[in-house]
Structures are given as structure tokens and as C-alpha cells.
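Only one chain is shown below, in C-alpha cells, and it's the form predicted alone.
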Amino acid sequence: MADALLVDAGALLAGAVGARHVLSGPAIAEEYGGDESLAVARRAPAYVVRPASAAEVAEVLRIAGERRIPVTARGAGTGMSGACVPAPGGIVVSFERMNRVLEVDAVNHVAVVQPGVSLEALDRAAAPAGLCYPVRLGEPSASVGGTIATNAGGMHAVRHGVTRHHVLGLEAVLASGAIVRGGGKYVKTSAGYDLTQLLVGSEGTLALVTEATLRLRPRAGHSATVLAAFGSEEDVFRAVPPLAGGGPEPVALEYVDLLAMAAITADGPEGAAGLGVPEDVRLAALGHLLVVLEDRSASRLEEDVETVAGRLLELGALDVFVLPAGAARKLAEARERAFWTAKAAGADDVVDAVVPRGALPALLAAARAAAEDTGSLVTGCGHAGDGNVHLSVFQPDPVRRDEVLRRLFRAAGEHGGAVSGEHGVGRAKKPYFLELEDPAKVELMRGIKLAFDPHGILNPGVLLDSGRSPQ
């Protein structure tokens, strides 16, 4: 019966979005089966549909709902938690055709975009108006819809906040096929429950976003990058709270690990010279802090750089370097690509636990203890300014790796944090999330899920257990 319903659904889906935009069997490329998670295997869906409008998405969900077929939304597939790995026999709704910037409103400082728009394309569209979208991720090809689904943060979150701080309004399709709107171009509201913000970070389990109204910021005309070398990781993280809490406000405060720094200085002294770092400092440093400053005034920026450099030395830096533009760009790109460096080196998982930034030394101590006790390697870099450190775990044995992850997540919770700062729970972290989270909160989430999606067709098995079977 289930197979017959799937065959029937294929014909109906073709009617909804056009036969050429419904893929099945060998026509489905491997990429549609998942994201960049190291812990969750890809899985081919029964169908991939590529709608071009909210009305087409609504019709797809109506068809899926009537037949209790699970549905998974997909943006660019750059996520890292397995949230877009489809359920068996499911439908993947790919937003690759819904990729237009509909409006850049220079008066109200907002952009209206479809979910398949990449962050890079959005920022490019905002530039002529002297505006920018300040959510800067390591992967600029990430889609707006995907970043809304996970409430992504990125390097500039320490100053500008995370995705939810820039989402003013959403159009979304419910599991029933109903199209709803929340919010708009206004910046505040006090009219009932904020359904817009409820959908941000819901990982495609409550509704499918088909349009977003996003806050833009004035574009800074000048930027500078300061690199501080420290004698230990602990010294790096102890310097972050006072640096973030007073004086010039950094756009980014990034911890750069030895792996990323090795990529920059791979050519030995010549590579180090590109950063202006003397050989003795490079060899003595066990951690680095990358500080990015921006301003619309070149003279004010110069003053801020001098202030921050002096502050870093007071906070224990071995030395401080203002990087030339080319070297700064190279170092920032290496930091942004740290995941790919770790993946190429054979990492078995990447953790993005978050704690209050003052608790970072304690989290690192817990990571070292877990690694030592299990014979693992845990190394990391990340957004030190907002307490979100990305730790690469090298441990091929699944039992030992599970112990490392459980101890890391428990330590994050014990120090006032959470299992994920920006990658989301997805399928990869769901067991740890459900084990360590307050049961009352989990039950409340289940109730919200049931209200939005009574038949459990939207991304079942992501974030929460599947519960009511969609089949």
C-alpha cells in the first residue's frame, strides 16, 4: 500500500511542480541525500521536488500530508548536523529554483528574499545601496533558508548577533499546505505570539520557509585585522571577555588553532613572514586570537586598532600584529575553512557546543580530559567572542567517540551552555540533546511540533524523536 501511495504521489508531484522538476531513482544526485555532517550517513529520498513558488510548495505538502509521506527541506546542503538527511521513502523539497532577491529596500534597510538565495548573492545585491547582510558564515554559498532553519551565527555574531536577530518576517507553508505570514518590514511587534521567531532554528520541523524579510546594516567602508599570539589556549580565552566588554567593539573575535595557523605558515619562515610574525613568536605561540575591526571612518579605525593592540598586550599576548590586507584575507579564509581542514585530516566529528564566553577555559579543560581518558584527539577553533568553539574529534571507535561527545555536551550544559551554538541539533546531536535537556522543555517542544504538524510529516527524526509515524 505504501509503495502504491508513493507511485501515485510521483504523478501528483509532477502535476504540482512540472515533471522535469521531480526527480526519482537514478536521477537523484547523491548530494540530495544529506549535508556535510561527518556523523550522519546520506540517504536517498524517494523523490526530489524543485518548486518555484510558495503555491507549489503548498501543493507538495498537501499531497505529502494526504499520503503521510515525510518531507525534508533542503537549501544548499552546507549544514553540519544531518538535518537535511531525508526519512526513508521521503520527499526532499529543494529550494534551488527559489533563489531570487525580490527586493532591497534602502529606506527601511531590509531585503526580501526567497529561501534558496545564497548569503553571498544577498550581500552582493545589498552592496549598491551601501548596505550588507551581516551574517557571515565560513561557507558563503549557504542558503538563507538553511541559515534560518539552524539559526546560524558565524564570525560576526559577537557584534551583529545571529540569524534570528536579522529575521523580521517570514512567509511559510504549514504541513497542511496552508500559507502563513508573520512579521514584516517593521522592527518591533507586540501582537500575539511571535511565530516568526519560533520558526527560526526549528530545522524544518514546523513549516517550510518560502520567503524572508531580513534586516540589513550600513556597510562599513574600512576594516583592519589584528593577530595576537598567546603562549597557551587558556590565555587566549581569558583575554576574550575583557576585550569584548570594553573599548572598541570588535566585529569578530576568532580563536585560530594550530592547525589553521599551520596552513598559513606551511612554507616555513616565508609563510610566517607573510603575516609579519617572527619565527621565535610563531614557535612559542600555542594559540592565536584574530580580531577584526570595522568603521566608516579610516582615522577612527586607526585609533581603534592602536587601542585594541595595546589592550591585547596588557591581557598577556606574546606579541600583536596588524596584518596586511592580503595576509588578513588569507588567514580569515583559513579560519573559515577550518572544517574542511579537519575533514581532510580525518576528523570523525565536529562539535559546536556553546557556553558563556567566560566559561571557555572550563570547556576546553573538559575537552582535554575527555580526550586523554579515551585516547582521542580533540582540537578546535571557533567564535571565541560568543563562546561558540568548534572542536574536531578524532576517534574512530564509536563507543569511545560517544563518550567524548557526551562528556563535552554535559560540560557545556553544566557551565550554562548548550549542545549547539549554530549548527543545530539535526540527527547527529539529537540523542545527546534529548538526554541532557530539561524533560519539561522537551515535552513543550513536542506539543508545539504536534500543533504545527499533527501527522509528523515534516523532517521526522530531526531534533525530536519521530513520535507519530508518518507512514
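Counting begins at 1, following the sequence as shown. Fair warning: this is a prediction, and the values are worked out from it, not measured in the lab.
What comes next is about the form predicted together with a further copy of the same chain, which does not appear here.
Within this chain, V180 lines the site of a further copy of the same chain in the model of the complex, having a heavy atom no more than 4.5 Å away. With a 4.5 Å cutoff on heavy atoms, G153 counts as touching a further copy of the same chain in the model of the complex. In the model of the complex, a further copy of the same chain sits beyond 4.5 Å of every heavy atom of P51. Using a 4.5 angstroms threshold between heavy atoms, S202 counts as touching a further copy of the same chain in the model of the complex. Between a further copy of the same chain and the residues L122, V104, M80, A157, the one pair within 4.5 Å by heavy atoms in the model of the complex involves A157. Among the residues V17, A9, I457, L463, the one placing a heavy atom within 4.5 Å of a further copy of the same chain in the model of the complex is L463. Note that among 440 to 448, 65 to 73, 24 to 32, 40 to 48, the stretch whose heavy atoms approach a further copy of the same chain to within 4.5 Å in the model of the complex is 440 to 448.
Residues of 219 to 256 lying near a further copy of the same chain in the model of the complex, listed in sequence order, are P241, A244, G245, G246, G247, P248, E249, the criterion being any heavy atom within 4.5 Å.
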